[in-house]
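A lone chain, given as structure tokens: the form predicted on its own.
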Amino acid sequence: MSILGGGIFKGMGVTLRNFVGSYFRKERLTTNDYSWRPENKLPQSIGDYPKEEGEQLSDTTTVNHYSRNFPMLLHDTGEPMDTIRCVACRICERECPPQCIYIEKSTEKKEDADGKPQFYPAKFDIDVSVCMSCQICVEVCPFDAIVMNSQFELSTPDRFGGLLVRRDDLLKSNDYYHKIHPQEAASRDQKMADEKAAKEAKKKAAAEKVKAAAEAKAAAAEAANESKKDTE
């Protein structure tokens, strides 16, 4: 004779047994089993990935659009911190829904890839255990400094410090971005080039306008002097 609601209690019993066992049974302590891991160890840091065919081969492996990806910081050709695009404006930190981004602005400026003095992030941390891959940080960044990476395997035995990704781990080159998302990267570069060209054209037009005004003023002054001489 079955008891009304007995299936619910039976299911809850299974859940409770697995929950308690996850703290005491050795085979339950690890939620994911990696056949490729050396000496039965989990990855110790970001970058420890499987080498077998069919697994995540390297940082440049492109995954499908349904994978959970995380942000990265872009830098242009050259030394990462010399060409980093981020100027520590902290817009992404303010707009992040789960508040998983932490930024500290530098106290001094250094020249960026274009030779313009800019602030840079002294610290830039992302807690990937909280990040929900919404890409809002990508959308709000006015400098195209933060985009989504295809590096999705971030397993670590340290659920706290190991999932806090630091600035130097987040930094990736624009060439790397072109390898994993070629069309998206090309489109973003074209947009940046167009914006830069528009700014330079506007600056040039303003300079020509100032020059023309100065020439007109000088011509008017010269004409006034000639007129004064004629009256004398």
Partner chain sequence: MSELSHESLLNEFPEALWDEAAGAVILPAVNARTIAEWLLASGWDYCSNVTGVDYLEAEVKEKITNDAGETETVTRTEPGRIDVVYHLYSMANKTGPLIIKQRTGREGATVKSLTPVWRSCDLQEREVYDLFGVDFKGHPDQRRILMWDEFEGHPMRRDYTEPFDYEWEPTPHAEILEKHQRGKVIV
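What you see is a predicted model; the values in this text were computed from it and never measured. Numbering follows the first chain given and starts at 1.
Another form exists, predicted in complex with its partner chain; not displayed. Remarks below refer to it.
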Classify residue 76 as contacting or not contacting its partner chain in the predicted complex by the rule of any non-hydrogen atom within 4.5 angstroms, answering yes or no. no
Is there a non-hydrogen atom of residue 144 within 4.5 angstroms of a non-hydrogen atom of its partner chain in the predicted complex? no
Applying a 4.5 Å heavy atom distance criterion, does residue 85 contact its partner chain in the predicted complex? no
Can you tell me whether residue 170 touches its partner chain? I mean in the predicted complex, with a 4.5 angstroms heavy atom cut-off. no
Only one of 160 to 168, 173 to 181, 186 to 194, 199 to 207 has residues with a heavy atom within 4.5 Å of its partner chain in the predicted complex, and that stretch is 160 to 168
Given its partner chain in the predicted complex, answer whether the residues 90, 101 and 125 all have a heavy atom inside 4.5 Å of it. yes
Using a 4.5 Å heavy atom cutoff, which residues in 176 to 198 contact its partner chain in the predicted complex? It's fine if the answer is none. none
